[in-house]
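Next up: the same protein chain in two forms, each one alone, written as structure tokens (structure 1, then structure 2).
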Structure 1
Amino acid sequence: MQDKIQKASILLDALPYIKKFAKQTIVIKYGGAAQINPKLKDEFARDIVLLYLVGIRIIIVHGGGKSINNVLDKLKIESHFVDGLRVTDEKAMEVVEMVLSGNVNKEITTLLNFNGAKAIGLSGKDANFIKAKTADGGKYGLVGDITQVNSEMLLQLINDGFIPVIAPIASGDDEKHPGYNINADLAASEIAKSVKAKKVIFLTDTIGVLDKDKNLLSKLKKDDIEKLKIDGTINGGMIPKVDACLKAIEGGVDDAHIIDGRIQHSIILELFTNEGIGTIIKK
């Protein structure tokens, strides 16, 4: 009986947060181990469906770097990275689009639908709803910087009860352009800004932003982040993640979260508990 009472207590503790976030839009960048580990994939789908059923409006933006690497290796197409970004020529772009818009996107959509949601898979080429230009003068090939997001289309899908699941591929300037490969973190940030999301959540393979002693920094603001970047505390692959968070915050999103997708039910723990589990970056 005590176990049942405890379960009821947990649900009641979550109730204020469920009420707070109901009818709010939350963008989730889905990647890392949570996107590869079969058990974590199933739990992610159930967690998203729970959020959906209690009235939270969800948009998912996903990566797929490891899946892309696997296919490129099989096809003997060499991968090059500069500044942490995949240099994408036309051959690589064909594979990126095939894997992200095809395999990965449809797997996520299928999981959500079979768990009780109404998910629809998209890439930025659908209805040209994400447009981009060449990033950094072509230094990274067909990697793009987003110039426009058609938020009206996304909001219409959400209003019709769908969860958009978005592959970060953008349209080029004309019908013959192969499209642009977009960093999924930056895509999530731009999409969150465009739909005026309440929150954007980045699932990663780290517990959050850490101090020099490897302790979690649970709350940060812009000034804190700039200092931590200058002294080297924030470095490497964490820099583009916090930059994506700051872009979202500066664009009107209330909060950005960096959380550990390797933890079971990490999104639920971050949203529906007092302590949370990761780093929250606030205005």
Structure 2
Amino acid sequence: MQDKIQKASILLDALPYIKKFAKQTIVIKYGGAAQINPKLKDEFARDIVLLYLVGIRIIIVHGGGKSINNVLDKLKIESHFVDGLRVTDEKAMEVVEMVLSGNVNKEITTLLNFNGAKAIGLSGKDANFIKAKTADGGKYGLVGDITQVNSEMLLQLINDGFIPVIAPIASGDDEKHPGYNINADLAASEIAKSVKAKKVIFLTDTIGVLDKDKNLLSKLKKDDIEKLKIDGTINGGMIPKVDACLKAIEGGVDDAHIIDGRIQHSIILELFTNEGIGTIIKK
């Protein structure tokens, strides 16, 4: 009996947080690096469904860097990263779209639906809801900078009880354009801004942003981030992630979190406990 009472009391501990976040919109970036093992993927889906069923409006934006690398390797297509962004030519773009919009998107959507949500998979090409232009004069090939997100469509979907699951690809300038490869972190922040989300949470494969001695930095401000980027402590895929956090909070989102997707139930721990587990960047 005591066990059961304790279980009930643990559930009730979440009540203040449920009250705080119910009806709020939270954008979750599910990094490719965090999509590692099947058990964790299933737990991720169940955590999301729990948030959804207590009334939090959820939007998922996913990456898929590792899956894209696997297929590019198999097809012997070379690609490399500059400033944490994948330089994307037309051949690589075909694979990016195939893997992100095809495999990864449908896998996440399926898992959510089988766990009790109404998830709907989309890319920015659907209803042209994400538009972009060539980033940095073409330095990264078909990598795009988002110019517009149609929040109306997303809001309609979440108002109707759907969880949009978004592959970060934007539609191009004409029907022949292969589309733009958008860094998923930057897509998540633009989407969070456009729907006036309360939070954006990045699930990745590190405990948060680390300092040069590999210790967790649990809180960061803009100035700290600039310094860490300049001295190289923040590098690779962490560069677009912290940039995305700053863009989100400057665009009106309350908090941006970078948390460890390899830890079981990391989203629940971050949202429903006082301490939090990763790095938080606040307005």
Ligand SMILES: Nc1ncnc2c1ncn2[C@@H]1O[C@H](COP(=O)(O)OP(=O)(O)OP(=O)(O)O)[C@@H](O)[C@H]1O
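Not measured: the values here are computed from a predicted model. Residue numbering: sequential along structure 1, first residue numbered 1. We call the rigid core the largest set of C-alpha positions that still match within 1.5 Å between the two forms.
Of the two forms shown, structure 1 is the one predicted alone.
Fitting the two forms on the rigid core leaves the C-alpha of residue 224 displaced by at least 2 angstroms between the two structures. Once the cores line up, the CA of residue 53 ends up less than 2 angstroms apart between the two structures. Fitting the two forms on the rigid core leaves the C-alpha of residue 67 displaced by under 2 angstroms between the two structures. Taking the core as reference, the Cα of residue 32 moves 4.0 angstrom between the two structures. Here the two forms are laid over each other by their core, and the C-alpha of residue 233 is off by 4.9 Å between the two structures.
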